[in-house]
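A single chain, nothing else alongside it, follows as structure tokens in the form predicted on its own.
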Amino acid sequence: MNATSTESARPNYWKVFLTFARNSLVRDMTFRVNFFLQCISSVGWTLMNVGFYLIIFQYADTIGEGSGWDRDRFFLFIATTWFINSLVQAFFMPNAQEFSELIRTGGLDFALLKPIDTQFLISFRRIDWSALSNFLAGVVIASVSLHGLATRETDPMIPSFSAVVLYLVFVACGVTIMYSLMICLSATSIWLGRNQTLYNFWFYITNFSRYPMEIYNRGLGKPLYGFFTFVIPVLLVVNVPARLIAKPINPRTGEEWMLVCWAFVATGLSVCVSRWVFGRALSSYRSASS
């Protein structure tokens, strides 16, 4: 086989992903009422959260004493949470939840026979388009918050171009860290047979990422701060990009820049660890028929 035929035999991952996306959209549009009800349910949950925090800010100026997360900045933080969570829930959660079913029914056998990377196939074969409704809600909330920061009478703030670029980069890093954690959790289904508590365990861990890390960095919260920053780095997922967009890019303390650097390193480590865990799990797989 010559080089040209070898190149043509390699799968085009972008085209495969677009095929998965198109097929998922067609499937969702087959049941339009259910699709729109899911969108309405997601947006309704978002509105309830907005209302809850608006009530809190009637009685407090910031989330966490001396944290600097006032109403506009905190809603930028919340919008960042929705950006990351909606992308994870749309592209990865449906596949992770069905992974144990693939193992039970033998569907993983057929995935292993495909001439494409198994982790890629397992991760992207289904997309939940309705989950992206929260992404659009996050765009609205972020726009309102940025407008509020830019037009306030005292200490107005308009994010610089570098802040916006870094924000987008670290949102992508946050999605990658969450995906890596999810792959590690779903891979345990190979050893456990069925992992029905995946979503609950996922929710318990990622719940820590939904709040500014300053509230943990004191008293009894310090062990949680250390563990979820340096061991399972979910506190970096939202906090780093939100800090970059909600607060001026300069000046920054050395500690803050170290946190930014660690977020970048943690992203690479998370990918490597998840890849290793998934590979080890597959090496233990013995087929549904064996």
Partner chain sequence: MSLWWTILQTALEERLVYRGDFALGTLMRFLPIITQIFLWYAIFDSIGTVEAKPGSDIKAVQIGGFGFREMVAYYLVTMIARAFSSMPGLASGIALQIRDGEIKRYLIQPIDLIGFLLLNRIAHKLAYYAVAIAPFAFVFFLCRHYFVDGWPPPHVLVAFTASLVMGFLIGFFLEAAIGMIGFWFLEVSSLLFVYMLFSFFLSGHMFPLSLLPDGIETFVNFLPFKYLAYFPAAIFLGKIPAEDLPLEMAIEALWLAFFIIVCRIAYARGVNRYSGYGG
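Numbering follows the first chain given and starts at 1. Since the model is a prediction, treat every value here as computed from it, not as a measurement.
Below, we turn to the form predicted in complex with the partner chain, even though it does not appear here.
Asks: Just to be sure I understand the contacts: of 167, 211, 179, 124, which is the one whose heavy atoms reach within 4.5 angstroms of the partner chain in the predicted bound form?
Replies: Selected residue: 211.
Asks: Closest heavy atom of residue 232 to the partner chain in the predicted bound form, within 4.5 Å or not?
Replies: No, no contact at 4.5 Å.
Asks: Against the partner chain in the predicted bound form, would residue 151 count as a contact residue? Criterion: heavy atoms within 4.5 Å.
Replies: Flag for residue 151 set to no.
Asks: At 4.5 Å between heavy atoms, is residue 258 in contact with the partner chain in the predicted bound form?
Replies: Flag for residue 258 set to no.
Asks: Does residue 218 make contact with the partner chain in the predicted bound form, using a 4.5 Å heavy atom cut-off?
Replies: Within the cut-off, so yes.
Asks: Choose from 203-211, 139-147, 111-119, 90-98 the stretch whose residues reach within 4.5 Å of the partner chain in the predicted bound form, heavy atoms counted.
Replies: So the stretch in question is 203-211.
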